[in-house]
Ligand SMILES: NC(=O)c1ccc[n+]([C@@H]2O[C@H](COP(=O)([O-])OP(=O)(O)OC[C@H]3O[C@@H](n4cnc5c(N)ncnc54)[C@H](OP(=O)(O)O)[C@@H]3O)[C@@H](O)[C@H]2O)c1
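Coming up is one lone chain in structure tokens, specifically the form predicted alone.
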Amino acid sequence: MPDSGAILVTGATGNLGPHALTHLLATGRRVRALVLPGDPRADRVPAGVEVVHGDLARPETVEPALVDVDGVLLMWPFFTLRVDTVPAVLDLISEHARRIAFVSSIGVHIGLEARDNNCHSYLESMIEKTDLEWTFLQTTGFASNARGLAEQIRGDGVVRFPYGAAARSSVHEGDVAEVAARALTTPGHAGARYVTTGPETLTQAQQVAIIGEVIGRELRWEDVPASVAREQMIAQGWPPSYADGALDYFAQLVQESELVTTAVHDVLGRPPRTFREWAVENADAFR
């Protein structure tokens, strides 16, 4: 008997959420978006998606969104929300849904994250304790993280950040979303840990150069001390432990390039999109 329940997407208005909603709609399933009350990005939810207002920080507000739900795409906003309510949220999901896809991090795969750091590894361990059919998407950095450089690029065209030689296999967030949609709507993905990456490694400086080529400007990378960037990241809202972890990881990637996998191709039957393709799609953000 085919699945008939709805699919719920948390983080529905972020970088990945709208892609996931679009892919899920294309399957013909009923799709629901959990949106914070007053979210200024609510217009990113595509037509045809049911919007339910709720907040993972208040599990009682999430339960109405789970009525008649078969699967959940879970993204936890670690930057803005502690994990205190994770057990309650997972209990509610387990009461209603059968499948869950969780957007995790390559940091778990390579052992960079400890389970006691209250981040992706902790969430994975908690989900594993449920009866849900789970799939973990252990992603490298989203290509959309480059949007954090947009202000500098639109300014004098010099990107000032540490570790320009760090080689990343950034993944198009739309590819991660499509893998998640496939995991939630087709059989064969229960218990899978998909390490989702882009098709190639590029240094951070090379990514900036590609953006320059796409928008027709010569851009330049200028390394600055990690301590300077740390202060700026914390001022922008990064928890100190996250800033430290990210900068330490970038330092590692100067010595050894980030992993490249075939996970996107294995699930979708096509290669992942390149960073250049992402830059073309998002060029207006840098002009």
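It should be emphasised that the depicted structure is a prediction, and the values quoted were computed from it without experimental measurement. The first residue of the shown sequence is 1; numbering continues from there.
Beyond what is shown, the protein has a form predicted together with the named molecule; the following relates to that form.
- Stretch-level contact check against the named molecule in the model of the complex with heavy atoms at 4.5 Å: of 159-167, 205-213, 187-195, 138-146, the positive one is 138-146.
- Scanning Ala183, Ala177, Ile93, Val103 against the named molecule in the model of the complex with a 4.5 Å heavy atom cut-off leaves one residue, Val103.
- This chain appears without its partner; in the model of the complex, the one residue of Met126, Leu81, Leu112, Ala150 with a heavy atom within 4.5 Å of the named molecule is Leu81.
- Contact annotation for Met75: at least one heavy atom lies within 4.5 Å of the named molecule in the model of the complex.
- Heavy atoms of Ala57 reach within 4.5 Å of the named molecule in the model of the complex, making it an interface residue.
- Put simply, Ala33 is far from the named molecule in the model of the complex: not one heavy atom of it is within 4.5 Å.
- Contact check for Leu16: a non-hydrogen atom falls within 4.5 Å of the named molecule in the model of the complex.
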